[in-house]
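Look below for two forms of one protein chain, each set out as structure tokens: first structure 1, then structure 2.
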Structure 1
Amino acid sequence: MNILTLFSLCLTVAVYIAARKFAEKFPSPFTIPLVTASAFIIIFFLLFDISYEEYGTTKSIITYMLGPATVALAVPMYMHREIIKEKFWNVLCGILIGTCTTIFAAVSLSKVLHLSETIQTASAVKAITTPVAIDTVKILNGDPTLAATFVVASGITGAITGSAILNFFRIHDPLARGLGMGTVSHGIGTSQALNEGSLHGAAASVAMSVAAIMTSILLPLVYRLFV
């Protein structure tokens, strides 16, 4: 391992820990560690003229554990299995309709706005939690960085506007609110849904995992029909 790799690895860990502490002090969808940490590191790299290619080895080391971590998402889903059992069809239909609508809206908006095909592909996976989005976009030959960024931006959008939008459309059922936030805003939406109540949070957490499974299975099969 060369010096730059070791340095950027330590930097990433240190910045991540600092960003978590910062988010604890000032909790808001804008201060989530992912946003502050990546902004800081990007600015640092640009200032000191370090290219993303030079960060490659560090990237492989860190992201190696993404697979096992995605497998681990089964645990929160299992902990909330009562919701899945009791409301099986409700949960399944709600998430299926929501996921399809998001994909359709994202891909057609990208087309209407004349965004490139790379962006269209990445936008199709924006309704799934980041680690699965990265894996799925690779199957579609898309770009993991764009996919990850779109997912995070969707998460922040949903977390900030979720409560108000759902109120505006008179969606007051706790299960429905949780599913809505979890399906489109994944982890970030889930923590926001938890602020509303434990049933909201549990529904969001279930929605995040179920939407990920559903999209990753369906999307590679139907993607050619969308584009």
Structure 2
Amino acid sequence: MNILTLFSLCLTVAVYIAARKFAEKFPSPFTIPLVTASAFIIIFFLLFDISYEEYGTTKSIITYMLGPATVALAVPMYMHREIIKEKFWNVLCGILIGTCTTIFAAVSLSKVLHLSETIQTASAVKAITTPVAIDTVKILNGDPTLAATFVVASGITGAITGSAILNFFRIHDPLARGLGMGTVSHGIGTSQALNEGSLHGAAASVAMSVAAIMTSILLPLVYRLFV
């Protein structure tokens, strides 16, 4: 690990911790740590002329750690396991419908706009967590970097607008709100759901995990039917 990689890694961690503190002091969908931390890092690198390629090793390390971080979301799931078990079939059907709808909407919109197959492939995995999206898009011969970009954009959009949309449609049940956020906005939406409550976060964790499994299995089988 060279000095630049070590510096970039320490900077990223420090900035993210600061962003979390900022979000706690000024809670808002627009102060989501990922948004503010990413904006700061981008501006910092532009000012000091550090290229994305030079940041590549740090990115790989952080991406690798996404796996263990995702597993940690099992804690709220375990805490509310009885409620989730009681409504198992409702939960499963909701996630399945949400997953299929997300895939269909993403690919259909890409086709209507006459976007390239590369963009269609990347957009199809936008609703699942980054580690799974990267591996799934490779099966479809897609671009992992573009897929990761869509995943982050989808997560940020869902985290910012998700609560407002659910409120607009008068969806106030914690389980339903969590399932919606987790299905379409994966880890970023799940972190936002956790801010609403423990059950919200548990439901979002379940949705994120199950949606990732469903997408990784279904998408390679049915994707060619869309294109």
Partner chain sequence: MKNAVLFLGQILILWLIYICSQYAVSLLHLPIPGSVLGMLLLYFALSKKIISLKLIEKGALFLTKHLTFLFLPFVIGLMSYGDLIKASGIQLLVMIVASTLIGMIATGAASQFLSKKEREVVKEHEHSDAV
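Whichever C-alpha set is largest while still superposing within 1.5 Å between the two forms counts as the rigid core. By convention here, residues take numbers in order along the sequence of structure 1, the first being 1. The structure presented is a predicted model; accordingly, all values stated were derived computationally and were not measured.
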The form predicted on its own: 1 or 2?
2
Would you tell me if residue 198 moves between structures 1 and 2 by 2 Å or more at its C-alpha, with the rigid core held superposed?
no
Threshold 2 Å Cα movement between structures 1 and 2 for residue 82, core superposed:
yes
Checking residue 72 here: with the core superposed, does its CA move 2 Å or more between structures 1 and 2?
yes
Once you lay the two forms on top of each other by their rigid core, how far has the C-alpha of residue 7 moved between structures 1 and 2, in Å?
8.1
After superposing on the rigid core, how much does the Cα of residue 60 shift between structures 1 and 2, in Å?
6.2
